[in-house]
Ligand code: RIB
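Only one chain is given next, in structure tokens, and it is the form predicted alone.
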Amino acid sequence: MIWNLGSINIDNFYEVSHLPAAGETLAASSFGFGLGGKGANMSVAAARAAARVAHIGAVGAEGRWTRERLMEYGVDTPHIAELDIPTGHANIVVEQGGENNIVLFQGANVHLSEAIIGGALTEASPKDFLLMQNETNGQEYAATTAQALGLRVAYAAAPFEEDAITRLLGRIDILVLNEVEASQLETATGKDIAALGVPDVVVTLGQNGCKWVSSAGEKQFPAYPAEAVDTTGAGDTFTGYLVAGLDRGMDMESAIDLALKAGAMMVMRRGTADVIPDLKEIQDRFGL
């Protein structure tokens, strides 16, 4: 089982002809909203990858529908607290080629108590996964608690923050980050990714696939062809599918391959959690 300490956001989407420059006012050609946040995205992806996942997080009263939406997608929600603080939200501007800019308000995501986190993890079993990203508070407490309980810790280092990840080094079993974040981490620590002491590191490389760095060395995986219309949530989809595959007993190479397929399908869709592909769609598309 996967215990995901993760953000829950309301995503507002604006489609534009190009990304606005500093000081520029730009009219959007369309608007939409839906469930988002890196944490929610990963929970939905893991659930759609046929893993059992429980979300640990918080929303405000106006965001109750996000908790209900997660439940509809197969995510366990008893450990999502309702706080007297607005739900996190993101304003996402997407240009015609699929690139995006995002303005994030953290809201309830950064007001989780140790009681909320600890209360959830006391229900976990050894060999379960704790999955985290850098959009909530309580990560260090959660990782320490998870380690003591025999859980495996997977961490997606996004949004990148030097202090957040360096505090977790030594408590992470699987680290997932993109090429830019990997470079930032190497600069921050003065160490190569392979020398960080993390058993498994997966670096996503966009249209170039990804690489897996472990004690056995480094292995490259090519991306599956995809015509990108929106890259929002593709990395979260990749991570959710990767951890779900491992939780279901796949070896790392098979889990990475599945995650790459899910990511390829995701970039061809507009939206975030609401459009993450399920396992059957991936099996049908790739003939699994």
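Quick note: we count residues from 1 along the sequence shown, nothing fancier. Here the structure is a predicted model, which is why all the values come from computation and not from measurement.
Same protein, other form: the form predicted in complex with ligand RIB, not shown, and the subject of what follows.
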Note: exactly one of D76, E135, E181, D200 sits with a heavy atom within 4.5 Å of ligand RIB in the model of the complex, namely E135
None of I92, V213, L177, A120 but one has a heavy atom within 4.5 Å of ligand RIB in the model of the complex; the exception is I92
Would A188 count as touching ligand RIB in the model of the complex under a 4.5 Å heavy atom rule? no
Practice prompt. Evaluate T239 for contact with ligand RIB in the model of the complex, applying a 4.5 angstroms cut-off between non-hydrogen atoms, and reply yes or no.
Written response: no
Legend entry - 4.5 Å heavy atom contact, L104 and ligand RIB in the model of the complex: yes
(request) Verify the contact flag for N41: yes if a non-hydrogen atom of it lies within 4.5 Å of a non-hydrogen atom of ligand RIB in the model of the complex, no if not. (result) yes
Which of 52 to 60, 256 to 264, 30 to 38, 216 to 224 lies within 4.5 Å of ligand RIB in the model of the complex, heavy atoms considered? The stretch 30 to 38
Restricting to 136 to 158, the residues within 4.5 Å of ligand RIB in the model of the complex through any heavy atom are none
